[in-house]
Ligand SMILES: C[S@@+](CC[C@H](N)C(=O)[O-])C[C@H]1O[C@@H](n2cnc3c(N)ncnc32)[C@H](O)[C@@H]1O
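The data below hold one chain only, encoded as structure tokens and taken in the form predicted on its own.
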């Protein structure tokens, strides 16, 4: 097949993959097993916020959710709005998009139940074809989204396009060369959403190449072991009682590059 023929085949497959991804996330809620509250209630949203920021203790240290007052912020792949609510509380002029209608409906409920109604523009949209003009936002945020999309480079370029000159983009992907990826293989425990239509992991150099259209890029490896509420049985006991403590005795500079999350801070 010629290069033109291959390109055409890939272009034709793209809408089907986007549809499959949307269907997958319409059927699932990230971390749903961490709450027994009714979906869409205030208790449900608070439980998932508590779990997320216990698991991701590093995140509010790196991203000052209260530091974007009056700035135009776009969250791509906002899910049920856990991070988005924190931006809204901080006074950001926030727009959130997600492929899944269910996620947008829940994000809207999350905002309203926290008394923040009318302060977020939420819509179903494809991050690879954003429905916004060039140079619209001062900040674009996409935590844990690029690894699940059909064409990560296309999404990155769209995020850069809608970002004003000098604007800030924040992304997170999974580190292929990480402690958790290795532990998953050794212990025979699947990663979350391993059954998603797309799940890509990146080394630090691969992630940097993905972001090469930005003028400045800083990549910070993060997410190191903390005690888990997710896994039970002997594997969970081994992880919580032994692995977490032993790993965290190693001086962080020696293992920094093996963090499970790669956070990128970019400037257009």
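Predicted model, so just to flag it, every value in this text is computed and none were measured. Positions refer to the first chain, counted from 1.
This protein has a second form, the form predicted in complex with the ligand, left out of what is shown; the following refers to that one.
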Among 179-187, 113-121, 131-139, 94-102, which stretch has residues whose heavy atoms lie within 4.5 Å of the ligand in the predicted complex? 94-102
Does each of 79, 143 and 155 have at least one heavy atom within 4.5 Å of the ligand in the predicted complex? yes
Looking in the predicted complex, any heavy atom of residue 55 within 4.5 Å of the ligand? no
For residue 25, is any heavy atom within 4.5 Å of the ligand in the predicted complex, or not? yes
Consider residue 109 of the chain shown here, and say whether it contacts the ligand in the predicted complex, taking contact as heavy atoms within 4.5 Å. no
Residue 125 versus the ligand, in the predicted complex: is there a non-hydrogen atom within 4.5 Å? yes
Contact assignment for the ligand in the predicted complex, among 30, 208, 229, 200, heavy atom within 4.5 Å: 30
Between 233-264 and the ligand in the predicted complex, list the residues on our side with a heavy atom within 4.5 Å. none
